[in-house]
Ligand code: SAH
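What follows is a single chain, given as structure tokens, in the form predicted on its own.
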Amino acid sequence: MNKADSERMAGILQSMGYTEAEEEIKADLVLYNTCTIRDNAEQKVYSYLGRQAKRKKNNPHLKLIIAGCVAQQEGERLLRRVPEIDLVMGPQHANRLETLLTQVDNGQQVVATEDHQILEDLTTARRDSKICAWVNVIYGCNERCTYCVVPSVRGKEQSRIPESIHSEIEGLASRGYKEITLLGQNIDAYGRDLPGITKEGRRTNTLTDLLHYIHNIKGVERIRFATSHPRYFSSRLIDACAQLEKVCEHFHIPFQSGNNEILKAMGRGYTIEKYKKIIARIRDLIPNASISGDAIVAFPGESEAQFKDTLKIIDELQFDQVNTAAYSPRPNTPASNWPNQLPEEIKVKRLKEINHLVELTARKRNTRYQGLIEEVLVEGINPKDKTQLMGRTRGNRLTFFPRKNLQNGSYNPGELIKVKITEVRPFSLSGITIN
């Protein structure tokens, strides 16, 4: 989500005549797009700010901007802590960057953190890739997970209208983009704030309906979506993913814990049994699907046995990948005030243990690719080995392969090619191209 916001803000700056500086330390304008989901990410911001504040004392014309979730969370407190900042702007104001910078140019120190109706994406993002594009379909989150700061910094859910999303994707396809990833903090909630009900009482503006609506856009070869919430992940959505050829066989569905008591304390709104049924249905209809998830260890009050339940789920369900984190207390969240916080040494121990299991599981899961021929979308040159290209399988596995083929010459970004997998690692693959 932050990546997509950064690309849009970079596009606005580019349209205003800014060009990218060779080094951050030489820039006339520095914008930090921040994350506050973990404390260590937030602390990095202050380290960077200190460096730029020193620069500004010698260069008063330097414009210093803090955007994103730390900006929304801290607001005016940032100005008191670092008075050299020119603009503090929350995620809902990303599309207003040019207007806010005009106020800065007029001598104002600006804080834009009030609730704001997000307008349709009228800006042209400066995208890092020419092949794969992010497309926001819903902003904000209405969930109230007890550990999560996102609803308070990204605001309430706001769905974009389907026609606008369709138009944006058509524009991307016309410029050669082959893969589209639909983005939402809670993407399965897409459309529940939009009008449209069938006579049977079913909503018509759902993620499932959106996938059907955009599926036939010419030029787009692959469609992905993230991030899902088990509470809203429906059988109808799974059926659509199985039926729609362009929708990739990759599902990112956070589970957070393998223990129902912890899930209840987290306010997640589902049981681990329901989560397992979702995975079982996906694998029944799409046997080769790649499934990834998120897990939090050392949540307040988590016992050793409850932690072991999370390990059991990873071992049982055999995820392709799991993003892991030790619980980090965040401002304005209920769990941060609970008295049963776990000590740092337990957090470190459990995180190390779960990461070890995740790597073992990923390595084991990847062995199924050995010798298979996979469709890979060429994305570009491997920065660590210029003789190789890299791309991703439909299951989202990063894959490396020779840059040149004796018969066909060099492959080009955007091509869909066949690669026979010859080497598997926990989180990537290597192979040779097949004519």
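Numbers follow the displayed sequence, beginning with 1. None of the values given here were measured: they were computed from a predicted structure.
Here the subject shifts to the form predicted in complex with the named molecule, a form of this protein not shown in this document.
*Asks:* Considering Leu101, Cys148, Leu183, Met89, which brings a non-hydrogen atom within 4.5 Å of the named molecule in the model of the complex?
*Replies:* Filtering the options by heavy-atom distance leaves Cys148.
*Asks:* Heavy atom within 4.5 Å of the named molecule in the model of the complex: which of Ala326, Val110, Leu285, Leu244 fits that? Just give me the one.
*Replies:* Only one listed residue qualifies here, and that residue is Ala326.
*Asks:* Tell me the stretch among 359-367, 338-346, 234-242, 252-260 that has any heavy atom within 4.5 angstroms of the named molecule in the model of the complex.
*Replies:* Careful reading of the contacts points to 252-260.
*Asks:* Taking heavy atoms and a 4.5 Å cut-off, does Lys44 contact the named molecule in the model of the complex?
*Replies:* No, Lys44 is distant from the partner.
*Asks:* Does the named molecule come within 4.5 Å of any heavy atom of Ile296 in the model of the complex?
*Replies:* Ile296: contacts the named molecule in the model of the complex.
*Asks:* Taking heavy atoms and a 4.5 Å cut-off, does Arg403 contact the named molecule in the model of the complex?
*Replies:* Output for Arg403 is no: heavy atoms all beyond 4.5 Å of the named molecule.
*Asks:* Would you please decide whether Leu398 lies within 4.5 angstroms of the named molecule in the model of the complex, comparing each non-hydrogen atom pair?
*Replies:* Looking in the model of the complex, residue contacts with the named molecule do not include Leu398, since no heavy atom lies within 4.5 Å.
*Asks:* When the named molecule is placed as it is in the model of the complex, are Arg38, His229 and Arg330 each within 4.5 Å of it, taking any non-hydrogen atom of the residue?
*Replies:* Yes: Arg38, His229 and Arg330 each sit within 4.5 Å of the named molecule in the model of the complex.
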